[in-house]
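Shown here is one chain on its own, the form predicted alone, set out as structure tokens.
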Amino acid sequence: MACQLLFSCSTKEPKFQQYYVQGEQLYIKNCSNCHQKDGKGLGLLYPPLDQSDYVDKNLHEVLCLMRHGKEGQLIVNGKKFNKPMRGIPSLTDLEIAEIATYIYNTWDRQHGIIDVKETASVLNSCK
């Protein structure tokens, strides 16, 4: 997939490296308990982030989910998940950008950095 609006193409820049490393630590601390460290999810309780059509097609929603959570059904890879996802409102815009940079550059994805300014703009528009 080519670099898009929120992505910077270079993964060799120090800023990318910083986002990625911080994002991995934040992911492990805040997300891996449910989505697992390998991103495979947990049965039909918690959806995968690795090889996830939802993650691949819904960057803005993924950013909003991190902050605000979600109630109700979510379909990932044709499977229904209906367990509420708690948001983490204490995460800063930068921390969400870092987690997203990690998610979108792990498990066979190479999208580059997800910029904090663009992330903040998306987060300001969340429902």
Partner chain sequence: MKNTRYKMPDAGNNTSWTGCFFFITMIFLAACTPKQKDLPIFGEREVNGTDTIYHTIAPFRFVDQDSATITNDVFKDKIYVADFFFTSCRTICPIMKTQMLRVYEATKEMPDVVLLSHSIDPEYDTVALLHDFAERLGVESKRWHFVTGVKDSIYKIAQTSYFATAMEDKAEPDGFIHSGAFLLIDKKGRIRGKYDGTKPEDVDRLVEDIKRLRAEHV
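Please read all numbers here as calculations on a predicted model, not as lab measurements. Numbering follows the first chain given and starts at 1.
There is also a form predicted together with its partner chain; it is not shown, and the following applies to it.
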{"property": "Heavy atom of L44 within 4.5 Å of its partner chain in the predicted complex", "result": "yes"}
{"property": "Its partner chain contact at C34 in the predicted complex, heavy atom, 4.5 Å", "result": "yes"}
{"property": "Contact of R86 with its partner chain in the predicted complex (heavy atom, 4.5 Å)", "result": "yes"}
{"property": "Contact test in the predicted complex: K57 vs its partner chain, heavy atoms, 4.5 Å", "result": "no"}
